[in-house]
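First comes one chain, alone, set out as structure tokens in the form predicted alone.
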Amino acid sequence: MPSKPIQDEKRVFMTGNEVVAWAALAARADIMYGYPITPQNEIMHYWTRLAPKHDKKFLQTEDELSAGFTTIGGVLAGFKAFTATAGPGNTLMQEPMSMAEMMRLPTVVVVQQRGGPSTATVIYSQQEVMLTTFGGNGEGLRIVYSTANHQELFDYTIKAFNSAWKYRFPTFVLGDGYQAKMREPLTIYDPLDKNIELVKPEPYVGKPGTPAIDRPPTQLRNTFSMEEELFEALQEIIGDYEKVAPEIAEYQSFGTEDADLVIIAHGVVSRAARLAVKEMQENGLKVGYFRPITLRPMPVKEIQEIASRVKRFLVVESAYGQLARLLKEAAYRSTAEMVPLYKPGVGVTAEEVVKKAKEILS
């Protein structure tokens, strides 16, 4: 058996779901819990092919609710556990992830978004943004990476495990049905070869020794009898989250310094936005590009800086303003106008972005 799951850096041509399975393996994940739902099914399929070769485990549960809670159980036992889902499954997953938020457990969930509401389509959308960033009861104290291509699916799946275990907040990789099913080239690698230190898991229960005698007792509470107790606990958790949010937040941007219009998109739609901006810049138009990589926490400081000097944003998304809601909160008190290009559950092309941007500029 190889000592490392990926021996050498190499170029490959894979589907996004296959990429996620390889990335979880590279991150030294121990076990996947899951339940089938399109378009994430192949993450489970590829993982079960890889798992026996590398002494890893898989458990298919009876539904996504169980998949979420068994992932929590694996984490409590000290395993790098993860799950994957989409659409209605993501809805069910919010109850266990709210529990993980309250108990500060490092869960990892990969979401391949599909069209909604309800069953809707099994193809593609960006309609799970609000669900993933603020889903469940609670305050949405979680980390959400929005990926745009297969290389990022690989990189940020690895990073998700590190972020989850470092900060102890539920962590999501927010992909989509297009990324899940299409093939494209990327480079896979062992993170240790790139000096990426992998955060090691530790058990939260079942530790050796007697609590309060040989070691401190483990307090993992998610039920409170009094309002004041809950308030006190939340103040501590919120304080921890706000403290680390600036170092977690990530973004990409270019051409925003003197732009008349900044185009904002995330995930796979940002690919079309990026192409559109480059084409317009080549034609002499003052158009900038901004893409939040983390949707939770948002890169608030950077958004506010751009909003202070730009008159108009063009917000492009395959949803009905879910990204825009996050942007409006981040750019609070800004007078910048946010012009929509919303296509719920439908892909967006660079040509559509160029056309809309030129309408605004004219």
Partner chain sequence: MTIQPAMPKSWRADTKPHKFCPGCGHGLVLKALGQAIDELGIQDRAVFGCDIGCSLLSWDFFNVDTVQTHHGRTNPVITGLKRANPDLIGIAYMGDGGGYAIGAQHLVSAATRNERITAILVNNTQYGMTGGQMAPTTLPGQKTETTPYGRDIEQTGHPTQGPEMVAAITKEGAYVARGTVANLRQLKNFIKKALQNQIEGNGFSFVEVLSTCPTNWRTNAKETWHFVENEMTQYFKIGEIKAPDSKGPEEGQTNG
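So that the term is clear: the rigid core is the largest set of C-alpha atoms that superpose within 1.5 Å between two forms. Positions refer to the first chain, counted from 1. All of these numbers come straight from a predicted model, not from anything done at the bench.
Below: the form predicted in complex with its partner chain, not depicted.
Review point. With the cut-off set at 4.5 Å between non-hydrogen atoms, does Thr70 touch its partner chain in the model of the complex?
Key: Yes, Thr70 lies within 4.5 Å of its partner chain in the model of the complex.
Practice item. With heavy atoms only and a cut-off of 4.5 Å, decide whether Arg309 touches its partner chain in the model of the complex. Key: Result no; Arg309 lies far from its partner chain in the model of the complex.
Check your understanding: Closest heavy atom of Glu62 to its partner chain in the model of the complex, within 4.5 Å or not?
Key -> Because a heavy atom of Glu62 falls inside 4.5 Å of its partner chain in the model of the complex, the answer is yes.
Review point. Is Thr294 close enough to touch its partner chain in the model of the complex, meaning at least one heavy atom pair within 4.5 Å?
Key: Because no heavy atom of Thr294 falls inside 4.5 Å of its partner chain in the model of the complex, the answer is no.
Check your understanding: Out of Gln235, Thr223, Ser118, Asn283, which one falls within 4.5 Å of its partner chain in the model of the complex, going by heavy atoms?
Key -> The residue from Gln235, Thr223, Ser118, Asn283 that makes the contact is Thr223.
Review point. Among Gly138, Gly74, Pro201, Pro191, which has at least one heavy atom within 4.5 Å of its partner chain in the model of the complex?
Key: In short, Gly74.
Practice item. Name the stretch: of 244 to 252, 141 to 149, 206 to 214, 167 to 175, exactly one has residues whose heavy atoms fall within 4.5 Å of its partner chain in the model of the complex. Key: Only one stretch qualifies here: 206 to 214.
Check your understanding: Three residues, Asp260, Ala273 and Tyr342; all within 4.5 Å of its partner chain in the model of the complex via heavy atoms?
Key -> Not a single listed residue reaches its partner chain in the model of the complex, so no.
Check your understanding: Which residues from 80 to 111 come close to its partner chain in the model of the complex, meaning a heavy atom within 4.5 Å?
Key -> Counting only heavy atoms within 4.5 Å of its partner chain in the model of the complex, the contacting residues of 80 to 111 are Glu95, Ser98, Met99, Met103.
Practice item. Please say whether, between this form and the one not shown, the C-alpha of Thr210 moves by 2 Å or more once the core is aligned. Key: Yes, its C-alpha moves 2 Å or more.
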